[in-house]
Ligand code: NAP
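Taking the form predicted on its own, here's one chain by itself in structure tokens.
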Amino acid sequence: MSKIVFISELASNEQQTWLAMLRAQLSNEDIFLPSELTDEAAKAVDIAIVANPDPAVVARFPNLVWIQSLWAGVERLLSADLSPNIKLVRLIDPTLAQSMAESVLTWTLYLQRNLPHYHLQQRQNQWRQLPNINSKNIRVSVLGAGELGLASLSLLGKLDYQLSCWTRTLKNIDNVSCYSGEQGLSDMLADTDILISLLPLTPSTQHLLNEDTLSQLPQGANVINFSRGGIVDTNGLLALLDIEHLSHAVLDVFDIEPLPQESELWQHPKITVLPHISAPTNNDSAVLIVADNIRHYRESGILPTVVDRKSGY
């Protein structure tokens, strides 16, 4: 009988929580941790459910048909030397998209209403009212218009921001100025007050936001990175913050996580550090989606929507 393996680098208690929930929803399936399977038993595993797994552990299972991620991102697996025959499925969860949209709106308002500056003023016992700019006069641009980007643009639209987005292929979104390509990116950046990255990390987006591209933003612009740390070249970002070309950056993702204690980002007055909380996976909704995907596959042999390895998502 086919088996399912659950592979993660989560803490033991969190891993056991996921495992119990998955087993409860998929009571007809045999779901194991890698440590519970011999090399011989591993040959019977055709599905892996993963949470940021070590690719070397995934490679223990030679007959995998597909891998279901509990996260929206799968770049670690895409960069691994796995068989091209193994299909990758990322989590597509409306609950996660709503959570991201809420975070995007929260931190856009944080920047719009000058909260970083008021925080610094409080530390200096300084009482000074700053200009308030109405949302309809603020240009907000989103990099990426997948499920997360579309949900974020929809929620931002309720506050009448001037919205733009940039994507690999040109989109057509109501009440949003859409751009694509290198020139499109430059054109959009020049007309942006708050830039929000929701892009997947691929070879073409690695350090897309470097000193050169970020310098195309107007003086005093702000940056929010809720995608992956590798999208932003940290040195380039710091250089532009230090010369006051950029006003502030809200960073939720980093090249190394947790962010090392010695990182200069912690104490930088123009950076807000968040511990990767912009769109956490919702256990309850994610388990239901994963279970439905697996049940449908068992009944029909049809896989859920798989990742295009060439594009990276």
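We number the residues from 1 along the sequence you see. Not measured: the values here are computed from a predicted model.
The same protein also has a form predicted in complex with the ligand, omitted here; what follows describes it.
With the ligand left out of view, which of G184, P116, G73, G157 would have a heavy atom within 4.5 Å of it in the predicted complex?
In short, G73.
Within 4.5 Å of the ligand in the predicted complex, heavy atoms considered, which of R139, H207, R168, K87?
That would be R168.
Counting any heavy atom within 4.5 Å as contact, can you tell me which stretch out of 117-125, 232-240, 195-203, 210-218 lines the ligand in the predicted complex?
Partner-contacting stretch among the options: 195-203.
Answer with yes or no whether D191 is in contact with the ligand in the predicted complex, where contact means some heavy atom within 4.5 Å.
No, no contact at 4.5 Å.
At 4.5 Å between heavy atoms, is A145 in contact with the ligand in the predicted complex?
Yes, A145 sits close enough to the ligand in the predicted complex that at least one of its heavy atoms falls within 4.5 Å.
Is K43 a contact residue for the ligand in the predicted complex, using a 4.5 Å heavy atom cut-off?
Outside the cut-off, so no.
May I ask you to state whether S278 is within 4.5 Å of the ligand in the predicted complex, using heavy atom distances?
Result yes; S278 sits at the interface with the ligand in the predicted complex.
Give, in sequence order, every residue of 223-258 that has a heavy atom within 4.5 Å of the ligand in the predicted complex, or say none if there are no such residues.
The stretch 223-258, when checked against the ligand in the predicted complex, contributes F226, S227, R228, D252, V253 at the 4.5 Å heavy-atom cut-off.
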